[in-house]
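For reference, the chain that follows is the form predicted alone, supplied as structure tokens.
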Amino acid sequence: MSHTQPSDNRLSQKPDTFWKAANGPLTQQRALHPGKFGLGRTPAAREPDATTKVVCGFCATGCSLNIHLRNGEAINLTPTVDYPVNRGAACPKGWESLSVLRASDRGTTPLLRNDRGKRQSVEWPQAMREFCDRFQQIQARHGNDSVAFLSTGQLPSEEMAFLGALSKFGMGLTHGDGNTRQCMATSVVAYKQSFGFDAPPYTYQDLEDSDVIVLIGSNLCITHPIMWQRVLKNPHQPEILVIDPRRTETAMAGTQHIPLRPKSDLALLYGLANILIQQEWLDRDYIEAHTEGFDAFRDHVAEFTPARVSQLTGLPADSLGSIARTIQAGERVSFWWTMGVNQSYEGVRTAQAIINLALMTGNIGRPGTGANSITGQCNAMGSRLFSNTTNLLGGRDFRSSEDRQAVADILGFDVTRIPDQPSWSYDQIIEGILREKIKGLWVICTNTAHSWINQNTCHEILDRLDFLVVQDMYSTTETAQRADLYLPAAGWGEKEGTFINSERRIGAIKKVTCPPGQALSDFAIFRLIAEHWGCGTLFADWQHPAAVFEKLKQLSRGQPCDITGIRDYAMLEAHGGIQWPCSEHQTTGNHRHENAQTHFTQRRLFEDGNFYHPDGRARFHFEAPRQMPEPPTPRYPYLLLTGRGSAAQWHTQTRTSKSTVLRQLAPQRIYLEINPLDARREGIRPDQDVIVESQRGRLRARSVLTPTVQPGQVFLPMHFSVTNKLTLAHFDPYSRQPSYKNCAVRVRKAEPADDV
């Protein structure tokens, strides 16, 4: 590797000069000069009482919210009626977006752990000195790669790009990954290998245009309720097939529920492909004109006969033909998946099996079709393109000298600053700490100590670090409480930038209220770190998010994700967000819809049948299914499933737990769903405390007896901090995404003496 560490450390030469110049007297609570160095503390100038549109900061649906202002500060919100995503609707989380900003445990000042192990408040100059001194000392002793970062899919794209450039081109780091590894890495790899680029092909309009909708591992009603509303607006009375072990809310609302055995998706999809091939229910013209590898795929799936697939999936053999006939009968069939596919030890090949079905039936590039991965976090798509983690900026490759030179030329950096290898993935960074390769870790806007798989081991590993920095809205997260240095960050609604939603639509967020105390936007914190680290001159023109957005446009030029045609943030608002690609040579869309207030566009990909591989063809990828790493045994007889528990809960509940309304809408205690037959066998009654135990840990939960969970299976919601005490650390070999949704456990009723 040939990137270099900056040698000039202006921190030691003028430790407080930059901070004082940028911020003024620290004794004044809100004396930070707005706008300067991106450190503005007041909302952007606007009428004292007005309304402005902002894209929601929770999930990747990307709804627009009208923020109502009084004296320039947000006081309330309503969903935006004329936005093409949500059309006047919002889920409970969206309605409560402002309330979670006012939590009493918001971080208001940097916190540094002293020699006695206690956290104490410090001013930003001291926090910056500690950050730079400690990390630089670690690098001096152990090499540049001994410091890494873990970030998020919830920062604006401009902040993601700044973090990625600062850490890798300024601070000399190689390794940094995002928590999008936990939700979307499988789809990224699947699309890259199949299409030649990470390119979800759809638009939400396809939910309304389909006559057959196939949902695989997706509880759309709960995880993406606004998308489910789009399904309900479909005028074609679509067949809705829900492939899921649990009888979820979505399965109940669908027209067909396919309750397969957990993690047998790949066998089922291969079996359906075999039936379609045997019956000649194919689009031969499309296959021949636009794909490669079909013949080998046909030979591969030939052994997945109905009898064998029935044995592997637990489904009746005759039901497979019925499912295949439903797909064949549809003129516009769309396939959709989320975490039930992505969070799997063979998720990439499962996602590609879905893609293969779309390709072989010609259900792609047309209205109401597509192989469509639904994203989790609000800006996971921005992370995939612009975070500079495992991809070089703009969807490029760190290993390509041509790509490295292109990025260096655009940004005006010496190309030797750019690493010539991709980062370790999230699990490899955690493993690197265990192997004493990583000594310092910077965690930004994520809660690793809660969300990472096999939690007990994760906690022990984090405690081995020489220096842990956590940058977050809240000082009370499980990860922040373990930090040697905590940096208080602004949240959604307290800063500006852009998000990219599941359908590739870029929307703007705005500062509509001030962060509390001395909390700063992540962008501002990155500016301060750059200056104190000694690489501030590299980022002299990274003054504010809008300036970085211009750089993102140039980084996208000529790429499949080209956005050079987007003039500015105002253009995004005027068009109701804009889907990429939108180059300077393109119009803003190929399907225009209008209403009285605005014009907006819908754009699906691959309408011309051209994909992003050099030959323009999509690829069939496939592989034999693998055995589940930890199936049930006589000692641990139940298979644990995990997932979303309520539309009012979000991930680790770091934000949603702050809302009184959302707390009332969601269960307060962790609960275990168990089939009544299994409960009777274990002597468990409804609403009784039970102990759930795996080989890695145990927890106490409240029992919920329900036939929606099949016998031999149990379900825990992922939102509670103890759930990942049980989960098994195993990963897809291609995406390195954790497989949260399958491990063996045992269950018994709790006794008074039980202590967990």
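Note that residue numbering begins at 1 and tracks the sequence as displayed. Predicted, not measured: the structure shown is a model, and the values here were computed from it.
Only in words, not in the display: the form predicted in complex with a small molecule, which the text now covers.
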Wondering, does R603 line up within 4.5 Å of the small molecule in the model of the complex on heavy atoms? no
Exercise: K495 in contact with the small molecule in the model of the complex, heavy atom 4.5 Å: yes
Give a yes or no for L173: in the model of the complex, does one of its heavy atoms lie within 4.5 Å of a heavy atom belonging to the small molecule? no
Quick one: does S646 come within 4.5 Å of the small molecule in the model of the complex, counting heavy atoms only? yes
Can you confirm whether T186, L392 and G534, the three residues that make up this candidate site, all sit within 4.5 Å of the small molecule in the model of the complex, judged by heavy atoms? no
Which of 316-324, 611-619, 568-576, 177-185 has heavy atoms within 4.5 Å of the small molecule in the model of the complex? 177-185
Counting any non-hydrogen atom inside 4.5 Å, which residue from P84, P515, G376, G107 sits next to the small molecule in the model of the complex? G376
Between the options Q559, N447, T203, N274, which residue brings a heavy atom to within 4.5 Å of the small molecule in the model of the complex? N447
